[in-house]
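The chain below stands alone and is given in C-alpha cells; this is the form predicted on its own.
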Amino acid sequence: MNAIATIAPAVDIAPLRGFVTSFAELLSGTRDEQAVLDSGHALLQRLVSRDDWLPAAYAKPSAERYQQYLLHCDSRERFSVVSFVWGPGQSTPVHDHRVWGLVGVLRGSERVEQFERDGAGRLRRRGEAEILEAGSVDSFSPRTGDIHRVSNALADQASISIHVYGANIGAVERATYAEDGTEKPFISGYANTTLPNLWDRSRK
C-alpha cells in the first residue's frame, strides 16, 4: 500500500472523529467480541444516522468496480474504518473477513447474501438475501459465519456503507470463494492514497 497522507475535508468531519474516539475507548475497556459488536452497533448507528460528514473524496464510485476507502486505522491496528462505495449494480465476489465487522449503510441500499459450507465443503446460501437500507447496521464474525456477497441493491445510483473491522482490513489475508468452496487468497488494500484529516480543529 502506498504511504497515506492526510487532507483537510470540505465538510464537518466531527462525527467521524467522535466515532473513532468512542470506538477506541470501547476497545480500551473490553476485548470481548460480543460486547464490542453490541456497543459498536449503537456507535455506528449514530454515525450513519446523518449523511453530512463524509468527504467527497471518499464517496466517489468507479465504473470499474466498488471502491474501499480507508477513513481511519487505529495506531495499534485494533480496528479500521472504511467507506465502501458501490456504483449501480456492482457486487463483491463471495468472500470472508477473518475478523469481526460492523456495516452501517450511509446512503442507498445494499443486498447481503450469507453463505456456509455444506457437508461436502461446497458453498450454499444461508437463508434469504437481506436488504439493508440507509441507517441500518449489520454485524458479522468468523465465529458465527462471515462468508457473504454484498451488492448495491440499486440499479440507478450509488450506495455507500461505513464498515468497521477488528483489524487493519486492507492488510488482512482473506479469501474469495468459488461455488465448490475453493478459496482464492487476497489482500484488499485500499483505493485511496490520502486520509481525511480528523484531528485539525483550527476551523472551529
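Treat the numbers as computed from the prediction; the structure is a model and nothing was measured. When you see a residue number, it is the position in the sequence shown, counting from 1.
This next part talks about the form predicted in complex with a further copy of the same chain, which is not shown.
a further copy of the same chain in the predicted bound form is approached by Thr21, whose closest heavy atom lies within 4.5 angstroms of it. Put simply, Ser139 is far from a further copy of the same chain in the predicted bound form: not one heavy atom of it is within 4.5 Å. Taking the partner from elsewhere, Tyr58 is found to have a heavy atom lying within 4.5 Å of a further copy of the same chain in the predicted bound form.
Contact annotation: Glu77 falls within 4.5 Å of a further copy of the same chain in the predicted bound form, judged by heavy atom distances. Stretch 67 to 75 is the contacting one of 120 to 128, 82 to 90, 104 to 112, 67 to 75, since its residues have non-hydrogen atoms within 4.5 Å of a further copy of the same chain in the predicted bound form. Residues from 183 to 202 that approach a further copy of the same chain in the predicted bound form with a non-hydrogen atom closer than or equal to 4.5 Å are Ile187, Gly189, Tyr190, Ala191, Asn192, Thr193, Thr194, Leu195, Pro196, Asn197, Trp199, Asp200, Arg201, Ser202, in the order they occur in the chain.
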